[in-house]
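What follows is a single chain, given as structure tokens, in the form predicted on its own.
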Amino acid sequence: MTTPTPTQTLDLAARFPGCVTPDERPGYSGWIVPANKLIEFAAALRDEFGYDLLSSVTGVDYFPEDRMEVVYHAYKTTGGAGLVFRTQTPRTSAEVPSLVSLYPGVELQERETWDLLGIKFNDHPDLRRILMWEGFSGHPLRKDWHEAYFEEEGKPFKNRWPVGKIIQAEDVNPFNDNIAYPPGFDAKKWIPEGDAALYGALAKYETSDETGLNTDHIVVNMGPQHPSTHGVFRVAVILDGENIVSLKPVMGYLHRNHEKIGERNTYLQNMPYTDRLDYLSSMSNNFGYALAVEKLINIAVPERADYIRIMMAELTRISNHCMALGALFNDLGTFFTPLIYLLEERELILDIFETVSGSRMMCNYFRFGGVARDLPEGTLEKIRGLAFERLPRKIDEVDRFLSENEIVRARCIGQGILTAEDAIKYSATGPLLRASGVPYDIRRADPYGIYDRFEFDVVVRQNGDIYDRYMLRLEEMRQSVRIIQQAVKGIPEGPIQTGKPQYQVRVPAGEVYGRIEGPKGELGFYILSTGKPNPWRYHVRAPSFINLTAFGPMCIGQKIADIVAILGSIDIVLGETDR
């Protein structure tokens, strides 16, 4: 858990005497800030104490108490542990100030917290639903919200175990939807207001040229059924000719309310659910969630398991970047040739995942205190062959064939620029942040696992354009190969799990935020436990979702054809964006 140092305690307490207090509840950490002091506190945190990256924002419902909290996790891009602060509000009139004016990167996160928990952020520039549809009744992450055929708060449901008489909602009501409408709502007569609010947020533009001729700007929608949106994703754009004047991402088409499911699952049941977030990076998702729960239960990981985890995580990074770069070149118009070559390397990595876990994509391999099973015979030799022979050669091939290609350079250099200041401001992490000149990598800035044992470089590029994001991922693949080579040489013999496998882990009461440097950026899990078998609050800080905050600003002034390339260079997966 993140705990303030004595110096921080002294400085913050002195800076805000009598109002900002340490959170002394058992199992909690950080600071409690009154809502009327929140903006002043956040400004001091950024400008005086150097916490320039507000990484995660989420809410907690303490029902049946009349109390809700908004929980913030802030970090310094120069490195080090983070700082937790929170503000509390009555549940019956949940309102807190918006921090968008100080930390613009929280825009989408505050909208999500409003949408799912009903906490209103005053002075937010565009407080609309973001994952649920506009006619949705209520806020589904509130503890008193139940779906139409609600069974129980926690799993396993009694009709499944121990009773064993399974009841399914579709059997109870076979010809109706599992949905509850607001009182007096008629779906057949409902007129959607969401588009009007969306286009209002885009703003209406009118301009005149030098002749005085008035010209209207055009609203264009790309997606959600579009081959280059990397999933079911919509982009609403205002155009002046071919130039982008304003842009808003529209998401939620794939939303499953992963977090509501996670709060009903037991801790172990959530492990395979993390596979379905960024479904191209299953092993990394497992890693982040396992670290968070291990912090709560204070369990050690055997050394051999630590080495296996590092190898799986870095193979995942290479696999992810193969897909990201192949899809980017497809978006640029290369029509599958680079993608197919890169997918061949990814398939060889998936062969290894299948060998160790039994599955190619939904691996479900990590466990609290280790991994599910040891490397099968011959697997280490396969990893060695990839890391020492094939992958270095293939990465060099991609570099040689594509990096100097005139079309790639023309479409990418100087396009979709994100400055270092804006990258931090919009809470960008991962390759998106480092390609803008900020050398922030959690593996170095706040090490986890055994990353501090390995030699590797934090890759940085300075221009913040599409080309630098491509080149950075290419070099990151080389650094991942370098880490895997060291892990293959250094892996010891020994157990791969602490203690006996447990189907029901005992998690003490308290909160934790566990995070990793995923292939797309900071993947974080905020977990609040009450000591029961199911988490009270389970929140995913999804890099695909938060990195999209910078998408609109990166596109302003670009051509409409550049939208596809810029989106491809961000590297999103909608399973993680929508959750």
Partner chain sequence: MYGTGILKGLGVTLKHFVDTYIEDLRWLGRKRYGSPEGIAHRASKGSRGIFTVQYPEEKVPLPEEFRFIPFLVYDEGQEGEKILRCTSCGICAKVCPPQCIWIVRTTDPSTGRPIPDPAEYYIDADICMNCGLCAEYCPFDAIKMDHNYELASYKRMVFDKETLAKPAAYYESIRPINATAENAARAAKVAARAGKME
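Positions refer to the first chain, counted from 1. Bear in mind the structure is a predicted one, so any value in this text is a computation, not a measurement.
Absent from the display: the form predicted together with the partner chain. The rest refers to it.
Proximity to the partner chain in the predicted bound form, taken as heavy atoms within 4.5 Å, picks out 389-397 from the listed stretches 238-246, 389-397, 426-434, 306-314. This chain is drawn without the partner chain; in the predicted bound form, the residue among D144, E147, D457, D351 with a heavy atom within 4.5 Å of it is D351. For the options F185, F401, Y279, F336, the one in contact with the partner chain in the predicted bound form, meaning a heavy atom within 4.5 Å, is F401. The candidate spot formed by I166, E344 and E347 lies fully in contact with the partner chain in the predicted bound form, as each residue has a heavy atom within 4.5 Å of it. In the predicted bound form, no heavy atom of H73 sits within 4.5 Å of the partner chain. Remark: H321 does not count among the residues lining the partner chain in the predicted bound form, judged by a heavy atom distance of 4.5 Å or less. For R444, no non-hydrogen atom is located within 4.5 Å of the partner chain in the predicted bound form, even though that partner is not displayed. Though the partner is left out of this view, Q88 does not reach within 4.5 Å of the partner chain in the predicted bound form, counting heavy atoms only. Contacts with the partner chain in the predicted bound form, taken as any heavy atom within 4.5 Å, map within 404-425 to N405, E406, I407.
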